[in-house]
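Just the one chain here, laid out as structure tokens, in the form predicted alone.
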Amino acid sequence: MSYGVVWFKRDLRLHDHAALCAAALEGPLLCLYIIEPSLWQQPDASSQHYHFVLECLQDLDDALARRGGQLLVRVGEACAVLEELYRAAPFAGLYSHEETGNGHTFQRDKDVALWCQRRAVRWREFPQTGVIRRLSSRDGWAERWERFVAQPCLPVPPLRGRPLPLPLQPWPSAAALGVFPFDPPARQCGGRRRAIVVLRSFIEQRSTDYRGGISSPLSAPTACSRLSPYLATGCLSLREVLQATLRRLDCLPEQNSRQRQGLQAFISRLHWHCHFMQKLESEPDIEYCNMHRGYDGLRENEMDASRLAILMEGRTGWPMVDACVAMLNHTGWLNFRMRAMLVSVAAYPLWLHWRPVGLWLARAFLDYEPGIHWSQLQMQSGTTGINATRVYNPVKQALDHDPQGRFVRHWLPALRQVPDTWLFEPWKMPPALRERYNLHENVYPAQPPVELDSATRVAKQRLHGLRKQAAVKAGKAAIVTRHASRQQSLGSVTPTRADAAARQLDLFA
């Protein structure tokens, strides 16, 4: 008897899983996850991502076991594993979600499509977010997004499993796979069960502090939703998160304006989440190339690798920058404003190209989502051709978001005794004071690599000078047509509610 294979990728859940539901309607199915060595050896992957995924897989396997099923995890390249499985027990259909991943997964999916064609296997792919494949125009995109997220979430279907045609394999270690060895000691843990706990705590309580709390690195760890790694791996679907948020809004009294505003702001960001992913879906090359090719050569040929090294080591001499790197190395997470500041410092005073900076941050961010990541790297670096220049001064950011120096002193022990006057600009301290507080060069840098104000000013002049050139101006229109929002304000989601069945759906299954 024929059967279908549900190929799990970055959709590690059973709930609201269109591919699983479609396969279950057709007959017996087999649930497959492939640990692809070449994928984990990519320069944007690190061991924290792999360990997080293993935690998600364990939860997924447990959820299947409770329903009488089992997850087959195989190690190998995708086409080779599918061929091995097909030879052991031929299958008629392959089911998966559409993936907006990095360039490696894009090419892998093209190879899988050819394999399916040769084997006469029907591969059905289903949208997982509001991202639209083969989108011809951005016109009407926001309305299509709203229609998608308003559809009822899909319940877990009855599963008709079949005996595994291949034996189970042990899950290899990150070291055995050759994954970049970075796993922060205080990173978030993976799995749907943990994701549900985080979602509940946010929409029920922590969202009260969302507006006003997400900019400062002091308040952001609890004020932010912290759902991003679970969305990136698909432990939660974007639609179920949005609908859970809307249900919570329904229950909140009007006088609870602070939490209502927080949840409404969060909904707006879920819209932007897909808006940025759509850019990579529509133009995969922006992972590697400037979105506006008129900016080619702006920084590439002047990269100072030593500056990138001190940034990655958190030894720039700008305390707010170095404290953020220390937090990132310990937790795998930073709030958005501090991420933007890191990229701004890299792109302007340090004059670094966004690609190597982006690879470092991709490995460092547990919630690395390629579509959002590369779009944001280019936007913050000024190479999209359509966005305003965003330059974050690290001294001003410290004064605005850490005025008492609590964040800097927590993450930079060497500066804990430094008086407030010098804390954010320690290079200005008289030598006698540096000696008193033991700020020797091997303890904390005596000087930043460049003079902040003048280096930033020169960088902006170079960028704006290029932007004024006629050829660069002429290239802007095509980028607006392909990538720009068609609304003045994205994220104005109308409070359309799913039907009564969706209201009663057990989100926490």
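Bear in mind that the values here come from a model prediction, so they are computed numbers and not experimental data. Don't overthink the numbering: it's just position in the shown sequence, from 1.
Heads up, the form predicted together with a small molecule isn't pictured, but that's what we're talking about next.
None of 416-424, 430-438, 126-134, 267-275 except one has non-hydrogen atoms within 4.5 angstroms of the small molecule in the model of the complex; the exception is 267-275. The listed set Trp360, Tyr95, Trp333, Trp145 contains one residue whose heavy atoms approach the small molecule in the model of the complex to within 4.5 Å, identified as Trp333. Only one of Leu263, Leu311, Val343, Leu82 lies close to the small molecule in the model of the complex, with a heavy atom inside 4.5 Å, and it is Val343. In the model of the complex, the small molecule sits beyond 4.5 Å of every heavy atom of Trp411. The closest non-hydrogen atom of Asp322 lies beyond 4.5 Å of the small molecule in the model of the complex. Contact between Ser237 and the small molecule in the model of the complex is not found at the 4.5 Å heavy atom cutoff. Remark: Arg307 does not count among the residues lining the small molecule in the model of the complex, judged by a heavy atom distance of 4.5 Å or less. Although the partner is absent from the chain shown here, Cys224, Arg339 and Tyr368 each have a heavy atom within 4.5 Å of the small molecule in the model of the complex.
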